[in-house]
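As a starting point, one isolated chain is supplied in structure tokens, in the form predicted alone.
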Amino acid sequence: MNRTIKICYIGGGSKLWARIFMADLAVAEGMSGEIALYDIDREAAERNAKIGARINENPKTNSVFEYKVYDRLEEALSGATFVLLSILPGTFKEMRSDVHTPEKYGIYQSVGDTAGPGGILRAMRTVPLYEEFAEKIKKICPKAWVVNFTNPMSICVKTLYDVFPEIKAFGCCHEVFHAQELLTVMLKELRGISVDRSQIYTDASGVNHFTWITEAKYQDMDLLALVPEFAAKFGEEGYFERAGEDRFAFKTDPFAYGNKMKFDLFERYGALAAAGDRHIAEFLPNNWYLKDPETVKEWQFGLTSVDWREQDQEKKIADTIEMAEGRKEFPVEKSEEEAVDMLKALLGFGTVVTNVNMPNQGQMPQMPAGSIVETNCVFSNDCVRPVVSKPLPAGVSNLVHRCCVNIDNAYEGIRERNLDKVYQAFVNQPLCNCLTIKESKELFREMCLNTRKYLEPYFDLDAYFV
């Protein structure tokens, strides 16, 4: 069976994720059709289209797609079977304010795109764009499945469902996969058993980047029972779990971590935090793990600076140009990502069970109804069914519930263009615990004015910050 489909990729000029998706799509079987690339940076989308044409010529390619670049989003969406959303809301200038302005007040952020003051400002820039996306999807391709990759994940997915309640959408994130990889490392180091992460069952639940594993099994083995033993053996010196990477990569790589925080939280709560330590820290009180750069170093992760991100982006652009021009080989091979597997299941090619972000319909009874939660879901023919998760330990549930409330309140304030409500969600971020009321208002004002170019079409900043 071969399915002819159209995939609209909003953010199709992506410097990394688009290429990963294109390669996964190429090595999959049973599909063909069109990839409609849309991006405000048309030149970047054109480069990806050229890479796509080269992928089609690769002998490893099983599914051939025509890559087309569109100037108008409406045309790119027309006839779409799937819509992928992967955008950067703003520029590195705005990200620099998100991440580094709070440092003047003693707030350090290791990522700055989901929680904390940086997450709120990024959400303020992102929600209006997603309102427009949802309206156009509703009008042009209402039956398409919509897959979000953009952060802040939860508030993006919430916007899509609020504007278009009947939308068929979910949010994808790979952070839980890395926790599964860590469990395979534990199994190998402690019991001498080598397995792929796909052979491990995990019950994961929470909110995006703050998801927790409450059960993990390989066959009949309880893998969470291995955590204390592994932590006792490797916890102090650290262990970065990625295959092919140095276990001490966290000493030099700002994206790596030693999992020391995970082990500390497991000892405290009895559940395994699933995301990388850089993300987890931002959902917790300021003085726990992000008090200052010295504390961060003690916990074996890093503060990813915007300077580093800009340099990394330049390298990715250079790689993309070389690949588009044929001066550098593009590897056509399956990645660890599962997005294409999910799309195939929705097209009727079998069943997939994996974690995604969707509105809470009872899959997490401890959390507010309608909040965007991340749990296992069953993907099958044109259907995604959330799986009811195991209850979180009480201490974890309290932490996650606060996050749900903050996300919902932030969204409500942004939707209403009500800066008072947005500020309430801002000051209630755990990372803002160290601020006085006066300091929190000063920081909120400075960060909003720093990104006013992207906010003023929607918010009256001058009237609010008189």
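Since we're looking at a predicted model, the values are computed, not measured. In case it trips you up, residue 1 is the first one in the sequence shown, and so on.
Keep in mind that the form predicted in complex with a further copy of the same chain is not shown, yet the notes after this line are about it.
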Contact with a further copy of the same chain in the predicted bound form, heavy atom within 4.5 Å, among 191, 136, 217, 100 goes to 217
Given that a further copy of the same chain is left out here, which of 68, 401, 50, 415 has a heavy atom within 4.5 Å of it in the predicted bound form? 401
With the partner removed from view, which of 116-124, 205-213, 68-76, 378-386 is the stretch that lies within 4.5 Å of a further copy of the same chain in the predicted bound form, judged by heavy atom distances? 378-386
Answer with yes or no whether residue 104 is in contact with a further copy of the same chain in the predicted bound form, where contact means some heavy atom within 4.5 Å. no
Residue 441 near a further copy of the same chain in the predicted bound form, any heavy atom under 4.5 Å? yes
Can you work out whether residue 434 and a further copy of the same chain are in contact in the predicted bound form, taking contact to mean some heavy atom pair no more than 4.5 Å apart? yes
Does the 4.5 Å heavy atom contact test between residue 63 and a further copy of the same chain in the predicted bound form come out positive? no
Checked 1-38 against a further copy of the same chain in the predicted bound form; residues with a heavy atom within 4.5 Å, sequence order, are 1, 3
